[in-house]
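One chain is shown next in structure tokens, namely the form predicted alone.
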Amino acid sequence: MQQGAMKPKPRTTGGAITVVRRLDGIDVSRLANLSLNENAWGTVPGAVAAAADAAAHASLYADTRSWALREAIGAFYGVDPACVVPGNGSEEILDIAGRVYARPGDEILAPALSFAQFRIVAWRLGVDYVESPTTGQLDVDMDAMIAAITPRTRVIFLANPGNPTGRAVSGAELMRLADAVPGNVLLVLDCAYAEFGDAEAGAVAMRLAQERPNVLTTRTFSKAWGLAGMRLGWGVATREVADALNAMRGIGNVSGPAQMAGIAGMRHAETPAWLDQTLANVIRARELLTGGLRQAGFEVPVSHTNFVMARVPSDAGFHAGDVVRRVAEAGVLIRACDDYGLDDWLRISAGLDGPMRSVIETMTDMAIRG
């Protein structure tokens, strides 16, 4: 056969969703980044030193079971370590859940405007991805979501609070969904932003995962804990589900430095106060962004995360992409949401005062000038 006559065919079923984008003529690596929802106030105490110590033994494999990490998670959150699933970020656990419970011909269900990884899991598996509609423009329509469950549904993903929307579902609504999900369907509650949202809803998600044999709740160290670069997440479920997921995950899927960073962070005496201060910082920054952008004429819904969504008015005379470029020229990177079908929306992380005030001033100037 002639070389080059045929090419391998990618088995994806939709377009790519790009997290980090190029801006022609602008070196985005030199900008203050308010596009990825990182913790602008640093890393949980003790984690960096513990990771550095672990890196000194990089020639050796880390514990493939991540057992000490699972014990630390269990002690901090009050869950059975045997029911904890450690992951290379919580995204890996979402992927494992799909691989364990869904096959081609099945359906994965999620609300519209959900975390991009949900769709990617379905693409990887050749599973049909089904979206239930929103109510208003950004909120989960729980009635529609429950109605979208079919005999082919095998996995349901719900991010709470949501990304990219920043919106949240109450604990009562989570219970209603869990009660409606058939026993042969895995309900995955992705709570990556739980620290910034409704504490009661977060508690309900944890309780459901421990009590219901078809619920998995995932959490991450990337956001509130300031360990995004370590790629460290975890899930909790009943023992049967946890055993199935742990059997599927990669051997040594969590690196030694990541394990030690998570353990040290959860065991550090200053951690509870540090997390409280992080939450206070996020709330203050979120309120600053919300107030400043609303005053400038942008629609900014209430957020339950460490970022806000801002909508460019239809009569503004400019588009979301124009705002991203102008703000980048002022030294800050923010995110347009057109790849979610939200062409007139922007997502802006809560961060330090300087970059946020630059965003507010630039967007206010654009609104004034049109």
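As the structure is a prediction and not an experimental result, all values here were calculated from the model. Throughout, we count residues from 1 along the sequence that is shown.
What comes next is about the form predicted in complex with a small molecule, which is not displayed.
Shown alone, this chain has one stretch from 88-96, 274-282, 208-216, 167-175 that lies within 4.5 Å of the small molecule in the model of the complex by heavy atoms: 88-96. A heavy atom within 4.5 Å of the small molecule in the model of the complex is found for exactly one of R154, R231, R249, R119: R231. Note on the partner interface in the model of the complex: the residue among A194, A159, A237, L186 having a heavy atom within 4.5 angstroms of the small molecule is A159. Interface membership of Y129, defined by any non-hydrogen atom within 4.5 Å of the small molecule in the model of the complex, is ruled out. In the model of the complex, the small molecule sits within 4.5 Å of a heavy atom of K223. Heavy atoms of T290 never reach within 4.5 Å of the small molecule in the model of the complex, leaving it off the interface. Residue contact check for Y101: none of its heavy atoms lie within 4.5 Å of the small molecule in the model of the complex.
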